Structures are given as structure tokens and as C-alpha cells.
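Just the one chain here, the form predicted on its own, laid out as C-alpha cells.
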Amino acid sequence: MLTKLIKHEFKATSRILLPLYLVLAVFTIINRLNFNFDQLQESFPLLHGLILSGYVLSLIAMFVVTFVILIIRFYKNLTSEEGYLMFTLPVTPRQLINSKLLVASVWTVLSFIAVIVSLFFLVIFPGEMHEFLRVIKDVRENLTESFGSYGILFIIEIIIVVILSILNDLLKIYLSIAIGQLINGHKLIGSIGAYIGINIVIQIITTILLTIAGFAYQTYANPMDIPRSFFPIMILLLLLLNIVYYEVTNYLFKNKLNLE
């Protein structure tokens, strides 16, 4: 049943999100052609500015619209009148959360990839490919020189932190919505208030931990030892927060569901 939920969620969200990718692709191609014709830029500066503005807006929309649509679907599907249908399906709240979380994570990652590919296509010209590859090689060599055999692990840890951060942002909003739905007649306001409250608590805890870590890192003789301990700790903290967000959200939907 989880597979069917995921398939349905992808189908529903793709109707809105796929056109965004198409718009980004169109503006990327138009701007690439625009940059190739210097005379066009000089003769029609206003048109050039409008085309470039459209591209920038499409980049922003790729992130903002994607994120907003995914959050709205979670809110409407599970806390509004649609929730009566969703929670009568032969699935558990955990499966509903999993399907939403997985689909939202995939779309978020795809949005990042789409923007990176778009920027790459826009700024890297065929004659500059060799220079770009050389820069990548220099970065890899510098990492190896600075961190030794830890260089590859360092990159892997950064990727893991990025993925866990994406999940953390989504799960934090899911938890806020799960708390907000407890308040009759003010679910949206309750969700926003819960989100603000959670962020304040996390910021206080983070400040305390960073202060403690700052004193601890003063004892390190080698500055290169800092990333080797910082990223594993960051990964553990994100994992812990994600588990807490997820389990509390599941508990509230399972035991404290309020669709009134």
C-alpha cells in the first residue's frame, strides 16, 4: 500500500512541478542563446534584462514553489477535510508520513539538481569545459592534500549532512502541522506558532552546544581535526532530531488526530 501512496503522490505533485522544470529549461536555453549574441544584448538591453529576470525568477520558483506545494499537500491531505479520506485508507499514519516525506525529499533533491544543471549549462561554454575539469581536479587534490585519506570521507559526510538537513526541514514542518491540527479552528495559526516555537528551542540548544564546542575545540592543536569531529557530531544531532520529529509527528497523528 505504501507503494501505491508514493505513486499517487508523485502523480499528483508532478502535475504542478514538472511544468516548473519545463519553464526553467526554456529560460535556460533562451538565456544561453542570448549570451551567445552580444549584438542582441547591446541592441535590445531591455529585452535582455527581461529574459535574464525571467530566468532568475524561474530559479527562485524552482525552490519556493516546490517547497510550498509539498507542504500545502501535507497540510491539506492530513489535517483538512481530505484527512477523513486519507485516514480511512487501510494504511497507518506512519505510511502516510513516509510517502509524503519520501516524495518531498525526492522533489527537493531534483530541484537542486535541476538548478545546478541549469547554471552549468548557462555559464560553461564548450571551450571552457577543460578549465572547469581542471578546477574540479584542483579542488580534489587540495582536499587530499589538506585532509589526506579523510578527503573522500569528508565529501561523503557533507552529502549526508545535506540530505539529513533536507529531511530535518521537512520533518520540522510536519511536526509543526501535527501540533497545529490539535487546535480547533486555528490549525494554520497553531502550525505557524508551533514552527516558531520549535525553532526557538532548537536555536537555544544549538547556541549552548556551539558554545561548549567552542571551548572544547580550543584544546585542539591541529585545526584539521575540527572537521573530523564536527561533521560526525552534526550527523548524529541531525539524526536524533529527525527521529524525534518523526516519532512525535507519528504519535500525534495516530493518537491525537483532530479533523474538526
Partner chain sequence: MNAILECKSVSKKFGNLTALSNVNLTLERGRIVGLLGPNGSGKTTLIKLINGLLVPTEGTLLIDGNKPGPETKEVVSYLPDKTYLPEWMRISDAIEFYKDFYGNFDEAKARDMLARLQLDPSRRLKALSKGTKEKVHLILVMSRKADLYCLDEPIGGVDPAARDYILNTIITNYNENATVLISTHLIADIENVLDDVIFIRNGQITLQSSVDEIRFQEGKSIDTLFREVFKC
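Positions refer to the first chain, counted from 1. Because the structure is predicted, anything quoted here is derived from the model rather than measured.
The discussion below concerns the form predicted together with its partner chain, not included here.
Undergrad: Taking 4.5 angstroms as the heavy atom distance cut-off, pick the stretch from 101-109, 162-170, 88-96, 114-122 that is near its partner chain in the model of the complex.
TA: Result of the contact check: 88-96.
Undergrad: Is the gap between residue 157 and its partner chain in the model of the complex 4.5 Å or less for some heavy atom pair?
TA: Answer no; every heavy atom of residue 157 is more than 4.5 Å from its partner chain in the model of the complex.
Undergrad: If you check in the model of the complex, is residue 241 within 4.5 Å of its partner chain, heavy atoms only?
TA: Close contact is absent here: in the model of the complex, residue 241 is far from its partner chain, nothing within 4.5 Å, heavy atoms only.
Undergrad: Is there a heavy atom of residue 23 lying 4.5 Å or less from a heavy atom of its partner chain in the model of the complex?
TA: It does not: once its partner chain is placed as it appears in the model of the complex, residue 23 has no heavy atom within 4.5 Å of it.
Undergrad: Do residue 237 and its partner chain share at least one heavy atom pair within 4.5 Å in the model of the complex?
TA: Judged by the heavy-atom cut-off of 4.5 Å, residue 237 is well away from its partner chain in the model of the complex.
Undergrad: Of 7-24, which residues get within 4.5 Å of its partner chain in the model of the complex if you count heavy atoms?
TA: Going through 7-24 in order - heavy atoms within 4.5 Å of its partner chain in the model of the complex - the hits are 7, 8, 11, 12, 15.
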